[in-house]
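Given as structure tokens, the chain that follows is alone and in the form predicted on its own.
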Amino acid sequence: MTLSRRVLRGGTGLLVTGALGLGGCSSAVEPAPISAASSPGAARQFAPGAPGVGDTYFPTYGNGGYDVDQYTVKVRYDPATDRLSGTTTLRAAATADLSTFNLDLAGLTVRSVTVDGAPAKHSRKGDELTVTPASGLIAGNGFVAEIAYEGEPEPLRNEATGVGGFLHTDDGAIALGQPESASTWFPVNDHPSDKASYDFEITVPDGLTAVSNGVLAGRNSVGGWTTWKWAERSPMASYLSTVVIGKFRLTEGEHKGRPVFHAVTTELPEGAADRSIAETVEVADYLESVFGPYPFEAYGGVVISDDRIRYALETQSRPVYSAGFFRAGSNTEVVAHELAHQWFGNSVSLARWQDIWLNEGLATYAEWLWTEHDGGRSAQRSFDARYAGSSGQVWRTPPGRPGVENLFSESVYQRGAMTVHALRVAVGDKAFFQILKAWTAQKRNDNATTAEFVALAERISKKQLDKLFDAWLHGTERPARPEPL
């Protein structure tokens, strides 16, 4: 995610000027144990799945006891009445013997639930939907759950991270946010540790566009309604899903055999936003040379104009940008940031929210690399400006353990990027760029932790890096300038 901001020249770094939005495997956060293993021949002991994955920052996010492989989300939305109706089907496997399992669903009314085709009981407590199948789910076995629901979607309001999720607009809607948003328009296991593939079918009144993730798989109109079909086949964290409904200037094309789909709101005159988004594939090609192969099947970008959203978010394969980023002219730095997230955050996803610097620090450093490649100041000069000009709060807030209240703070972005540069100086360019490419290759479509990144950096560089990462990620004072080890 990128916050709407203006660049302060003269070595003073970046100042956040916009409001925060709710927000952009073996290493995944393990669900809490819910039943003892059964001995051969013994009766199985079915128990409820946990109503959270146990993330220390957001304990109730996600759910335990199962792993989702694929979602099919079919919704119809009428902006005139702000009514949404839908059916979500999820294919999953139980990871424990379950008597019940939970899904995250904010608001909306559940009309029916089936599990493997049989009616299932369901109940609600706040934003938790509890499903009780007709019979227990056996660990290791797959199951299919289908939930039908409807209502007027409402955004989520989090005291620590702001407002996000499904937002009604004058002529459509925007579903967007970090660290959660998906649960405002479909039932979901809402934590990055449970990535899945997605099919979206979004039906809206004729004349409106419904943009989502991945490849446009088709569109057809019947009886005054148009259904837009999108397919994201690569595993995706739930907060990276999106739908944006409205009137847009659309650009479709192809690059390196992959479809390109851009949408810019017609509320903006044609100009800087269109030019900036048109640079997507050029920026992606440069980042590919630094980070390794582009990880997804499609390229694109969406530009919206809504005063409630003053950030850009790395929604998978098709980032969404606030129009504010382009008011002063073309801006490919923000495009570089959100595209870098396609590697760092999207393909290689967090196992826990505490490690958010792995997303934002690396994406911010990608901005510095792109600026240098594009003829601007070098990454070293960008580091020097932030090192000299960052506020005391940046140094008091450790990006490796920022706390929920500082999850999207300047420290996570700027000190996170300075950590990346400190690593580069310490190990040298050859090892540094090998580390980045190895990270994206070895952890592709996976979840990751800071400890794994440090271990990889040490293995490739053949250097002991604990002191460096402790100072830059966990210390509460400004570290000494980095030097080669």
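Keep in mind it's a predicted model, so treat the numbers as computed, not measured. Start at 1 with the first residue shown and count on from there.
Although not depicted, the form predicted together with a small molecule is the subject of the following passage.
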Heavy atoms within 4.5 Å of the small molecule in the model of the complex: does residue 408 have any?
yes
Heavy atom of residue 84 within 4.5 Å of the small molecule in the model of the complex
no
Is there any non-hydrogen atom of residue 313 lying within 4.5 Å of the small molecule in the model of the complex?
yes
With the partner left out of view, is residue 195 within 4.5 angstroms of the small molecule in the model of the complex by any non-hydrogen atom?
no
Work out which of the listed stretches, 98-106, 263-271, 121-129, 332-340, brings a heavy atom within 4.5 angstroms of the small molecule in the model of the complex.
332-340
Please pick, from 276, 178, 213, 382, the one residue with any non-hydrogen atom lying within 4.5 angstroms of the small molecule in the model of the complex.
178
